[in-house]
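Okay, so here's just one chain, in structure tokens, the form predicted alone.
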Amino acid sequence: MRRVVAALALSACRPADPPDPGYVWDLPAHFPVPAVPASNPMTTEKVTLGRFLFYDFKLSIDGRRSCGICHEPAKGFTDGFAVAVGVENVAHDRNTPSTTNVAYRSPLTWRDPDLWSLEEQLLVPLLGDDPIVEMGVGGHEDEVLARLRSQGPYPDLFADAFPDDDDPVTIERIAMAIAAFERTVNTGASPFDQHLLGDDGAMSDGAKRGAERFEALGCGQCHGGLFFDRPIEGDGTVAGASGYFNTGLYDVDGMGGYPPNDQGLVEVTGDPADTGRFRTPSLRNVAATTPYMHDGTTPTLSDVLTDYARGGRLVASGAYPGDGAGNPYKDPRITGFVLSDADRADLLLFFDALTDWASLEDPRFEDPWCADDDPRHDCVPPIDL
């Protein structure tokens, strides 16, 4: 356990503008203040607007989807599905990543090493049509903006958030407000965090053994740092950004092939050695974010452990059979290990201890819209529209 704690020094993110000293952050005691772009300083009014927009169905072209549909608090700000589905009912190639602690994520997506800006990333699901249409606003911007200009609390909310703009209801301002809200969604009061801050009784003995086993098996070599998402460098320091690894999930042709719809970093770099490489996800709140892997094809954390123990996943049937343990592009650190039933149980307890169940119910992050006929979530008192 001591080695795990010692490895948690948070490395610096990509150089960015310092945070706005005028905004009062409500952060866990051991979390640094996130870097914030000078072009989008934090304000309470902007965060409030962003929270309404994040959960608003009017921000999709058909009025049936919102950011909060794919990022539900109770599910660790994921959606619980293998892959996301857009407004045209087309399935995405990838599993929905959590937006908790996203202010510290670097970079942001499964495959694009150059996308670090929350403001820029928001435009992908909002406007994009590749690989699928998610929110469907692209080409319909004027229609969606007209909805917001004329409905509910938005005229006042936008005016408060962007007081210097004559017409603040723009796609750019929507992205800025949602990014500001997302930077506040920080969860750092898990049993592990409480233990880290000195409460020795916050974690069970089994979870403590699991933390030690996690380190002994080398899991922390890829899942290092305060957010368990960065590799450990050769000198023992935490890398400044998340790594990209082929973990032996597939070998569809016996030569390292991945499913043709999503082959990893190679599609960006063109380097065959990047086949099957995807960004390391954070393990914070991991017990709440099932299913797992970039394409959501691993149902449970126990299954994850099984695949790593054998040094790669065996896909015995289906569209893409093969033994990932023999993938020639697999990272050399994925060698397999012996995992007893007791080890498995302790590791699962540790993963649960990394999950901040209470903060996932924090009223600051809840859906502010009340819909009596919508059973998906509780909400704060209704707003008169």
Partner chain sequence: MRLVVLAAFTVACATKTEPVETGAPGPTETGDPQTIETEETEETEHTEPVETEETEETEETEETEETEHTEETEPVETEETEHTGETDTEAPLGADDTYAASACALVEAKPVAVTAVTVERDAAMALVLPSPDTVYELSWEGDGDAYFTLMIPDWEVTERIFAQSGVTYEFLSASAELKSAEGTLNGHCPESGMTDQEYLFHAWNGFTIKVHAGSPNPFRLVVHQEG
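Here the structure is a predicted model, which is why all the values come from computation and not from measurement. Numbering follows the first chain given and starts at 1.
In what follows, reference is made to the form predicted in complex with its partner chain, a form of this protein that is not presented.
Peer 1: Examine residue 85 and determine whether its closest non-hydrogen atom to its partner chain in the predicted complex is within 4.5 angstroms.
Peer 2: Residue 85 belongs to the contact set for its partner chain.
Peer 1: Determine whether any heavy atom of residue 90 comes within 4.5 Å of a heavy atom of its partner chain in the predicted complex, and answer yes or no.
Peer 2: Residue-level check for residue 90: yes, a contact with its partner chain.
Peer 1: Do residue 29 and its partner chain share at least one heavy atom pair within 4.5 Å in the predicted complex?
Peer 2: No, no contact at 4.5 Å.
Peer 1: Heavy atoms within 4.5 Å of its partner chain in the predicted complex: does residue 317 have any?
Peer 2: Yes.
Peer 1: Under a 4.5 angstroms heavy atom criterion, identify the one residue in 206, 153, 128, 299 near its partner chain in the predicted complex.
Peer 2: By the 4.5 Å heavy-atom cutoff, the listed residue in contact is 299.
Peer 1: Which one of 307, 274, 119, 215 is close to its partner chain in the predicted complex, taking close to mean a heavy atom within 4.5 Å?
Peer 2: The residue from 307, 274, 119, 215 that makes the contact is 307.
Peer 1: With the partner absent here, would 58, 172 and 183 each sit within 4.5 Å of its partner chain in the predicted complex, counting heavy atoms only?
Peer 2: No: no residue has a heavy atom within 4.5 Å of the partner.
Peer 1: Please determine, with the chain shown alone, which of 70-78, 159-167, 188-196, 221-229 has non-hydrogen atoms within 4.5 Å of its partner chain in the predicted complex.
Peer 2: Comparing against its partner chain in the predicted complex, the contact stretch is 70-78.
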